[in-house]
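Starting off, we have a lone chain in the form predicted alone, written out as structure tokens.
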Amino acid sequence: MIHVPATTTHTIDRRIYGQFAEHLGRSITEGIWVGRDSDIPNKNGIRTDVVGALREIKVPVVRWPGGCFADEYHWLKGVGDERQPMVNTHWGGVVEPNEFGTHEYFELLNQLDAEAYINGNVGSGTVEEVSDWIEYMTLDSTAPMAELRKHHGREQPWKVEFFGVGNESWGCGGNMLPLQYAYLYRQYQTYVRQFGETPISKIACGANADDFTWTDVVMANAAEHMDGLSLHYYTLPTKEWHGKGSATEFDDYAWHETIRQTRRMEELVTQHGRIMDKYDPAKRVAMIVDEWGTWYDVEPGTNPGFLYQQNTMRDALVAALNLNIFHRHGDRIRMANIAQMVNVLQAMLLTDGAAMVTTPTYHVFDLYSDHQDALFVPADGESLGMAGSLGSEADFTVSTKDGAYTISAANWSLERERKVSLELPGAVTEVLRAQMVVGDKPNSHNTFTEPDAVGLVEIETAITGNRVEFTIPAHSVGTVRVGVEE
């Protein structure tokens, strides 16, 4: 029995459900941007089917333009009538036409009703370039950059809620040492000025996985100048970056190893959080997990630099387990951005010409959408006395808002169903939602010929006073939302 208290501890920031769109493979071009003259239905060049699907899961914020691409991106090449192509050296060596630039990004945000999270170029850019971009986007005056924006068709400035100062500066963003980056961060962030009424939250480049030294050095030397510190961690089914394994053809060992590597996120955010607490005990600086998700070998026959992979029930469990962890640590984690939104790594959507399919991960984000901006409830599970634990093969999370409780449970057993029993603080008045994402097999996935192999089905629930019971099948994720008497 899970005892759900009336007390809450923190808000689950909706931005934990953020997305990431990099100029990588078919993420932007074809996945989001098809151009105004395309036969594929679009609004101002942006696919209407993709926007419609993403609005359904309430995308709160989109990180752009990278990723590694951000530190070779020069924004002036992507504005105006005559765009300047460039070679995308990180991702396949293809020519990036820069048709999708600053104006198109904000058009996407407008269609999604989402916030901006822009990554600036520190690795190969300049302070002047960052300063000019901030002025171009946010300054309302007759200064040169604001006038250039107006010349390009945008009279009013945009809102930039978040600005990342560099990306993976320890690797593709410059191969820097932590102290070197801390000093550069202090310099660059000075010129991320606030011109409008909307504050710009400045995000510093944080660690790769378990590089705790990076977090310590950057926090010690720059914490007072940042609003957030990033963390990157990808789930691999093996310990090696080369030969990561197929996204769809895997054995039981690869399944369990993927789950084990995913659950390691709990340890990482805990340890990095402790270091951040040392310099920021009030938790003013947010932890931003702006790259996370599964990373497998690309689909056979596709460009290795495009990182296109399929998405199965294994990925659905990975998504749910990570989101549960982010909920538990929501006093520090206030944004996360899954990699990536369309056609790359653990995507929400896959496209092929005019066709589009949703993935199992998409359905998890749908199931969990009521947790956005809800209050986290520290419910106690029936095993080990650990919050959020249903035992060795299941995990859950509980939140409340608008007079209702939302319970989401993930069962990663390959064979056993899991019965979930909860005792709520008040009598249940109605069942608002009871659904789960299921597939016949652990590697079930949607394709363009079978787009509905994985989807949402109803959960049968039993209600007795303040008790709720339901069953989650093996390798499935479910959500039940109920109204409760106050």
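Keep in mind it's a predicted model, so treat the numbers as computed, not measured. Numbers for residues come from their place in the sequence shown, where the first is 1.
Omitted from view is the form predicted in complex with a small molecule, to which the following refers.
So which stretch, 42-50, 22-30, 430-438, 449-457, is the one near the small molecule in the predicted bound form (non-hydrogen atoms, 4.5 Å)?
Among the listed stretches, the partner-contacting one is 22-30.
Fill in: Among the candidates E96, D315, D395, E291, the residue which, in the predicted bound form, approaches the small molecule to within 4.5 Å (heavy atoms)
Checked against the cut-off, the match is E291.
request  = Consider the chain as shown here, without its partner, and state which of V377, A339, I333, A247 has a heavy atom within 4.5 Å of the small molecule in the predicted bound form.
outcome  = Checked against the cut-off, the match is A339.
| Is there a heavy atom of N343 no more than 4.5 Å from a heavy atom of the small molecule in the predicted bound form? | Looking in the predicted bound form, residue contacts with the small molecule do not include N343, since no heavy atom lies within 4.5 Å.
| Is there a non-hydrogen atom of V192 within 4.5 angstroms of a non-hydrogen atom of the small molecule in the predicted bound form? | V192: no, not in contact with the small molecule in the predicted bound form.
Query raised in the report: Within a 4.5 Å heavy atom cut-off, is Y405 in contact with the small molecule in the predicted bound form?
Result: Y405: no contact with the small molecule in the predicted bound form.
Q. Looking in the predicted bound form, any heavy atom of H232 within 4.5 Å of the small molecule?
A. Looking in the predicted bound form, residue contacts with the small molecule include H232, since a heavy atom lies within 4.5 Å.
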